[in-house]
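There is one chain below, alone, in structure tokens, taken in the form predicted on its own.
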Amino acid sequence: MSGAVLEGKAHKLGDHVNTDLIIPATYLVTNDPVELGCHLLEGHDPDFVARVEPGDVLVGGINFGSGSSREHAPLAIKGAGISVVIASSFARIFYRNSINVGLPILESPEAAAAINDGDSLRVDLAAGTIEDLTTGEKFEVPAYPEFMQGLIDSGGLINYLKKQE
């Protein structure tokens, strides 16, 4: 993913999307990202996953990923084919868990407010840009530090550590 540009359709959610909404506790009996991804946001919208295409982008408001500290939430997002999450702000533990499982997330209140559901987006992690191809708006975000980009490129912390051996 290093230097990769991510493109997909925006799926916009509101504020305070918690981990129980992202993946209901019923499904915490597995760590399989694809199985978890089949149930992403089903309590919010039972047909949500049917509309997701590989590479799509979740866009949230403030405090995205609040609630329990389960890694299942970012695993479910990744397993459903979402390439990146953009939000106004993230719960700290969700932020860390996302990086640990190799799910890129970007904090941008401006982008989160301006992007509409269904907009086509282009995200360049290395350059630190979010571009709304539908409206032509472009947003700058801090690029990931090299070590964090290494975690994302490796697919998460475990794979990153295995490569270091």
Partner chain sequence: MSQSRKILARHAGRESLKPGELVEASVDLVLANDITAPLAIEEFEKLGRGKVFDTGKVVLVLDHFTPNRDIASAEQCAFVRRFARQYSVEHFYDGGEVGIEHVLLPEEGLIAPGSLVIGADSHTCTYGALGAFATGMGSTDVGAAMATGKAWFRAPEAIKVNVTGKLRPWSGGKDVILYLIGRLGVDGATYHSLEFVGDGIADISVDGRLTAANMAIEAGAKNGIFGVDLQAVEYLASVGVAAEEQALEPDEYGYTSELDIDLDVLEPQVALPHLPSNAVPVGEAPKVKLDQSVIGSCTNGRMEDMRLAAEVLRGRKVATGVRLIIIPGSPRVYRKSMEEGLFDIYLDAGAVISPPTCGPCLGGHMGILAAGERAISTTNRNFTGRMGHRESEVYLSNPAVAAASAVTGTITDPGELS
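All of these numbers come straight from a predicted model, not from anything done at the bench. Positions refer to the first chain, counted from 1.
The same protein also exists as the form predicted together with its partner chain; that form is not shown, yet it is the one meant from here on.
- Of the candidate stretches 50-58, 134-142, 97-105, 110-118, only 97-105 has residues with heavy atoms within 4.5 Å of its partner chain in the predicted complex.
- Under a 4.5 angstroms non-hydrogen atom cutoff, its partner chain in the predicted complex has L28 among its neighbouring residues.
- Taking the partner from elsewhere, V85 is found to have every heavy atom lying beyond 4.5 Å of its partner chain in the predicted complex.
- A residue is said to contact a partner when one of its heavy atoms sits within 4.5 Å of a partner heavy atom; L151 meets this definition for its partner chain in the predicted complex.
- In the predicted complex, its partner chain sits within 4.5 Å of a heavy atom belonging to I62.
- Using a 4.5 Å cut-off on any heavy atom, the residues of 49-74 that reach its partner chain in the predicted complex are, in sequence order, I62, N63, G67, S68, S69, R70, E71, H72.
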